[in-house]
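First comes one chain, alone, set out as structure tokens in the form predicted alone.
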Amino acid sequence: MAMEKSQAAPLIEIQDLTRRYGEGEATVHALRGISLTIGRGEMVALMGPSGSGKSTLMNILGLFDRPTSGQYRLNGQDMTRLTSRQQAQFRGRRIAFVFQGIHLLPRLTALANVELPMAYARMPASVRKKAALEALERLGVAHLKDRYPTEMSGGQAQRVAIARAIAPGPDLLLADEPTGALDRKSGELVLQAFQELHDATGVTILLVTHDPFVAQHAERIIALEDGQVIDDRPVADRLVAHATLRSSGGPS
């Protein structure tokens, strides 16, 4: 059960987390004392309508923002005590991101796009190429390694973006509406990629989504409303994505 994982081996521990913007009558309470634990190796969906606080929470988990009060521990380390520079270094080593906007560089091939973050981290060329090729293979898009983003479908490009995220071996993968810009078939391919990646590597995945269909592919759903957790439960009837992923002649 997902909740048993969470209790046994926490990766994320949040205690009384708040985030306020503005002052006086203009104050916006984006998060109102959230406490939760996410276990190492869980695949969790974070749901909520616009304004619920899910994007704010994701930005704090991804170390792009700081809470107003409360504690955020990642892998046992208090993130709120790190300097901005230390947070950036930690984020580069331990946290990966996949966004609705795919953000591949159009003048680089798929392989070069996947290698890029590791090049910035000064990883040796032979090591980063091996890791990039393995990530592309895991996502079923190794045959696209020499293609440019303009030569790919939306689903293919998103899988290349996921390969770029997981190639360095992060502890946490944050995916913000990763199927939001895709048609249903391409979205199903991406969801299958996440599930296969999770099952094969045990990476902790947090899917931020407003779509119940996407959320049902996770092991656990955390629902936010007005900056508070209103529901936290394991998925009883988890959906398993079935699509042709690894055949270059299959769906794109």
Partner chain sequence: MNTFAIAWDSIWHHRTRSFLTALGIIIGVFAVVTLTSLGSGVKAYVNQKFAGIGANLITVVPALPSAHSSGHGLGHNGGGQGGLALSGIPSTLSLGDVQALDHSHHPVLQAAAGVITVPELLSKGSTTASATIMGVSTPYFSMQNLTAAQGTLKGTGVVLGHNVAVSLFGHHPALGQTVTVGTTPFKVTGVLKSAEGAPGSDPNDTAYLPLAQALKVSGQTHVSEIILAASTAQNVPKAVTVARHILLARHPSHNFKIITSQEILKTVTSTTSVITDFLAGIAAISLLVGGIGIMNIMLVTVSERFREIGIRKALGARDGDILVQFLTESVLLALIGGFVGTIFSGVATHVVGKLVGIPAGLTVGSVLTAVFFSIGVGALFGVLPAMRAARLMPAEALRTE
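These figures come from a predicted structure and were not determined experimentally. Residue numbers count along the first chain shown, from 1.
Just so it is clear, the following notes concern the form predicted together with its partner chain, a form of the same protein that is not shown.
message: Is it the case that Leu116, even though its partner is missing from this view, gets within 4.5 Å of its partner chain in the model of the complex, heavy atoms only?
response: Taking the distances in the model of the complex, the answer for Leu116 is yes, it comes within 4.5 Å of its partner chain.
- prompt: Is Ala88 close enough to its partner chain in the model of the complex to count, meaning some heavy atom within 4.5 Å?
  reply: Ala88 belongs to the contact set for its partner chain.
- request: Using the partner position in the model of the complex, report whether Asn59 sits within 4.5 Å of its partner chain, counting heavy atoms only.
  value: Yes.
message: Is it the case that Asp226, even though its partner is missing from this view, gets within 4.5 Å of its partner chain in the model of the complex, heavy atoms only?
response: Answer no; every heavy atom of Asp226 is more than 4.5 Å from its partner chain in the model of the complex.
query: Among 92 to 100, 135 to 143, 177 to 185, 151 to 159, which stretch sits within 4.5 Å of its partner chain in the model of the complex, heavy atoms only?
result: Selected range: 92 to 100.
message: Pick out the residues of 46 to 82 whose heavy atoms come within 4.5 Å of its partner chain in the model of the complex.
response: Stretch hits, in order: Asn59, Phe64, Asp65.
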